[in-house]
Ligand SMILES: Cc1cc2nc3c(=O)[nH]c(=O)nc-3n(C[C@H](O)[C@H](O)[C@H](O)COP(=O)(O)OP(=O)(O)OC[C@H]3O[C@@H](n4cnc5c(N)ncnc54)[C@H](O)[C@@H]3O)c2cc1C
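Form predicted alone, single chain, as structure tokens, below.
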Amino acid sequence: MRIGIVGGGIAGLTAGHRLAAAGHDVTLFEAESELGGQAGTFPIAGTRLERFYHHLFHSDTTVLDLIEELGLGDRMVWNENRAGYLYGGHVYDLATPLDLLRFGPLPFHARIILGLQTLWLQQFGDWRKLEKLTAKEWVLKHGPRSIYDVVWGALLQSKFGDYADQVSMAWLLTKIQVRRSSNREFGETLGYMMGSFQLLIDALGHSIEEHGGQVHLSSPVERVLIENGRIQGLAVRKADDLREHRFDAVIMTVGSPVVLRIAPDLPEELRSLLASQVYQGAQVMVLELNSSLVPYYWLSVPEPGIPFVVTLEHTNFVREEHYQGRRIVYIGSYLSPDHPQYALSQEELLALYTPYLQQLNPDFAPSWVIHSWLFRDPYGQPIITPNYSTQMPPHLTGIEGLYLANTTQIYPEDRGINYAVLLGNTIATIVQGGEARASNRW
């Protein structure tokens, strides 16, 4: 079977790897000049680094199995995550149960209730029992208002902005549960691939080619070709050349707004469903510094008025000797793509951030910055509302031979490398006539 794949992120690469290894004639088209999508990397300090921060949890067995399958298991390391939380201008350790007991912004009884909430949710069974509720409704029902205002609500607000009160409790539940596997008695350990996840991206691309497939970069798909309710192929632009490629099946792994643009002939019901979906954009600035900014890997910054929501000092997780002695810091935020901050230049954004970085470390000065990079993705985070399982787009589009596999279908789990691999595995099975998650219910 001749199969075309639109998008060279982890899901598309994984699907291509599986289908090519099964003997199908696979051709993958990526609009950018490099593979990887949200897991893509860039050169820094003699190596490569993810444009958007990534790490693995012990529960991420799907991607860990794939890493072993591709012979990359020896590149995985598991390091402690030292986590902090900024509240009221003060940074608190917040990685262990003992840290929670010492967490001053909450009254002592609320700290106990928050710990019990977390333990109970970690053991909770069927997420479907909670998906009809918003996270706000559940938290306020099962604890004092202070827990929502100081912790869960503040974190939801920092990630989802105006949509924070609409986020499903099923989303928050799975976020809590996925971290359970990485919790250890004295903290949390997270996984990283030394040399960056570019090694995984390259191995998947090479696998497609080694099995006779093709990978085309800088090749945006301009049109999905449909005739009489069946897929015919793809119209792809390469430089100034627009060419049609014929396929028996096509998998679209790009964001829903892109799907609507390149596939205007989808059934109206599916088009309406895709058009109703809302994304928060992801914005990440990476700084290469000559000094450490904070003593944490992950520092949550849910303070109103601060123009970013998290800092990750990567070199507090993977030591700086792997980066020529430089300190590497991510500064992340989630914004609506029409937010004014989303339109700022790199220089303007760094100037905006500087006084707030000085709140985290009074010694910080712009002279610390050796290099900086700015990355944005308008489809960074789908908004997951109550009863999302009834609104999730199907993998089967209603067009024979045309399939959809994007981040709006990773539910109730959150986006990430593990679930992108799972999505790729799933759609590869469906394309070959399998039953794995073939409906629009995960």
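From 1 onward, residues are counted along the sequence shown. Everything quoted here is computed from the prediction, not taken from an experiment.
As for the form predicted together with this ligand, it is not shown, yet the points below apply to it.
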- Query: Which of these stretches, 162 to 170, 204 to 212, 366 to 374, 251 to 259, has heavy atoms within 4.5 Å of this ligand in the predicted bound form?
  - Reply: 251 to 259
- Message: Taking any heavy atom pair closer than or equal to 4.5 Å as contact, tell me whether H395 reaches this ligand in the predicted bound form.
- Response: no
- Message: Using a 4.5 angstroms cut-off on non-hydrogen atoms, would A31 count as touching this ligand in the predicted bound form?
- Response: yes
- Task: Would you check, heavy atoms only and a 4.5 Å threshold, whether A15 touches this ligand in the predicted bound form?
- Result: no
- Message: I'd like to know if I384 sits close to this ligand in the predicted bound form, meaning any non-hydrogen atom pair within 4.5 angstroms.
- Response: no
- Contact at V6, G9 and G36 by this ligand in the predicted bound form, all three, heavy atom at most 4.5 Å: yes
- Task: Would you kindly say which of L56, I399, I67, L49 lies with a heavy atom within 4.5 Å of this ligand in the predicted bound form?
- Result: L56
- Item | Residue (of Q277, N81, S219, Q117) lying close to this ligand in the predicted bound form, criterion heavy atoms within 4.5 Å | S219
- Those residues of 281 to 307 with a non-hydrogen atom no more than 4.5 Å from this ligand in the predicted bound form are A282, V284
